[in-house]
Structures are given as structure tokens and as C-alpha cells.
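Just the one chain here, laid out as C-alpha cells, in the form predicted alone.
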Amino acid sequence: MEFSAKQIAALLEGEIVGDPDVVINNLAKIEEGSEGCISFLANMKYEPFIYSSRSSVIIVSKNFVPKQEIKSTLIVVNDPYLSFTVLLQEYQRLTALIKTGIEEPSFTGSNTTIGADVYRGAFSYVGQNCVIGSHVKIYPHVYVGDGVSIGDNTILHPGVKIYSGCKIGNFCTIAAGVVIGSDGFGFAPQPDGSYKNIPQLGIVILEDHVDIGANTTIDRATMGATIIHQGVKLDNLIQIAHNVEIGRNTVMASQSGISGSTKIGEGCIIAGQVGIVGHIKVANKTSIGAQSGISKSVDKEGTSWFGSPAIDFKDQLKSMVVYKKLPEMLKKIEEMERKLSKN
């Protein structure tokens, strides 16, 4: 696919400095660009590359003032990083739309309705009584259980498994290997020390514009629903347990896990390898640092937490300073004890 600088500037509501008719057919980092590529400059640490870059077009901030001649055509915008993100999203959308039609073999159960312009990859399975929206992309080896609903423009990448009854919204992207709706970890201890399985009868609900990374698992509820609200972004290799609820526009990085029945607020930022215990609440706009362990509810909005068990971020930094000084402090204490013992 090829686009002119003029077309891209119109999409980004930017102003062109240079040739509006130069043609773009690829995306590249500013330091790796070549003819036909478009790049961006958001971090001024990379400014030296703009003067030597071979990219045909570079997106820059309206506050950027060149220190020397630039050969590339510039598209001037308010926020280069955000604009390039919009461009990547549009590129992804257009390339995804290339896939159309139904490949064989694939299976569709009875009483299932499928919308317009849906792609079905080979060896994909869609069960009975499902509702599949328009412009949905179902790649090879995807399993969609009975009674599942999938909204318009959602993409299921290879190997996704969606268990029965789950509901997926519009414009969701679910990466390869994701499992949605598997049984939650529910076992009742018995007098003889064994455990009895507790049937998991609920579902999982993904609202609109949710992105799920590769090999992430989201358990169905024991009763009711595990709910991932609109705009949530989950990284690869994340575990979401039964009856968890994640608020709008929360983001969560890889290898983190949320235990059962915990409620995460809106706009939270959860870094990698974070563990959150069950049956607690985390307030809106909470930030949790990498490898932290949240063992109790976070009631105040907009706070930052770090450590295991996690405490206030600033308090944790102060504690780390003291921790580094412990050997020196111990040495002083032992010296004081020796002096006192002589007296």
C-alpha cells in the first residue's frame, strides 16, 4: 500500500513542510529509515538522526526547531508520538482488512449468525447459537464455543480459545494463544484432605476496544461474570482469575496476575510481575511498580505503590536508601557495643 504525505497529513491533521506528493509505503525508526519510509521524532535524544535520516517523511512536533538542513518532508503535529500511534493503528486496520472469505476446512454450528465481510481461517471452529458481528477476523485454529457473541471489527488471532457463553465487544484484538472463559481456580477442601471441584457457571465479558496479549488467560466467573471494561489493555502472559473486574482504560504488563473477585479501578497502571491478592479493591488511577505484591485494598485514588508487600512508592524509595546502609549501620552498632562492653 502506498500513500502520499498529503494523505497522511490529512489523517493526522498535520501541516506539511516539504513535498506533499512524496510517496510512503513503509514505517521505520528514524535511525533506520530509507526511501519510502515514514518515521517520527518525539524524544529529542534522537534529534541527531533527523539530519541524516533517509526516511522520506518524518513526523515532528510544532515546537521542533531544526538546527540544520533536513532533507526529509516533515509533517508537523501537536504530539508526534500520539500521531504515529494513530498511523500504526490505521496501518494495522488496513492490513487486517486484507483477509476476507472462508477457508476450508472450518466448522460453523447450527443457529449461528455471522455478519458481513467476516474472515474465517482454516481449521477454525464456531459453535452453536453464536453471534458473530461484521468485519470480524477469525484466524486459523481459533475455537469459539457455543453461545459466544463477538462484536464488529474484532480480531481473533491464531489459536485463540473462547469458551461457551462469553461475550466479546467491538474493536477488540485478541492475540495468539489467549484463553477466555476457562474454569476459575475453585476447589472446596474436604474432611479427608482432598479437594472437590466447584463448578464454574459464569462467563467472561470483554467490552469494546479491549486488547489482550498473547497467551493471557481470563477465567470465567463462578457465578455472574469476570468483566474487562472498555479500553483495557492487557500484555502477554497475564492471569486474570474468576470474578475479577478491571475498570476502563487500565493497562497491565506481562507476567502479572490478579486473584479471584478483586476489583481494579479505572485508569490504573500495573507494571510487570505484579501479584494482587483476591477479594480486594484497587482505587482508580493507582500505579503499581514492577514485581510488587498488593496484599490489601488501595482506597485512595491516584496513589503509587511499590515493593512486596507494596507500600507507598515514596516510602519504599526511602526504605531502600536505609536498606543499602544497613551493613554500615550494623558495623557502627557493633563498634558501639564493643566500646560499651569495655566500660
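Quick note: we count residues from 1 along the sequence shown, nothing fancier. C-alpha atoms forming the largest set that superposes within 1.5 Å between two forms make up the rigid core. Keep in mind that what you see is a predicted model, and the values were worked out from it rather than measured.
In what follows, reference is made to the form predicted in complex with a further copy of the same chain, a form of this protein that is not presented.
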Contact label in the predicted bound form: residue 115 to a further copy of the same chain, heavy atom within 4.5 Å: no
a further copy of the same chain contact at residue 316 in the predicted bound form, heavy atom, 4.5 Å: yes
Non-hydrogen atom contact residue 257 with a further copy of the same chain in the predicted bound form at 4.5 angstroms: yes
Distance check, residue 177 to a further copy of the same chain in the predicted bound form, heavy atom within 4.5 Å: yes
a further copy of the same chain: the contacting residue among 133, 169, 247, 159 in the predicted bound form [heavy atom, 4.5 Å]: 159
Every residue of 19, 53 and 111 near a further copy of the same chain in the predicted bound form, heavy atom within 4.5 Å: no
Residues in 130-164 with any heavy atom within 4.5 Å of a further copy of the same chain in the predicted bound form: 139, 140, 141, 142, 143, 146, 157, 158, 159, 161, 163
Core fit, then residue 292 C-alpha moves 2 Å or more between this form and the one not shown: no
Core-aligned C-alpha movement of residue 86 between this form and the one not shown reaching 2 Å: yes
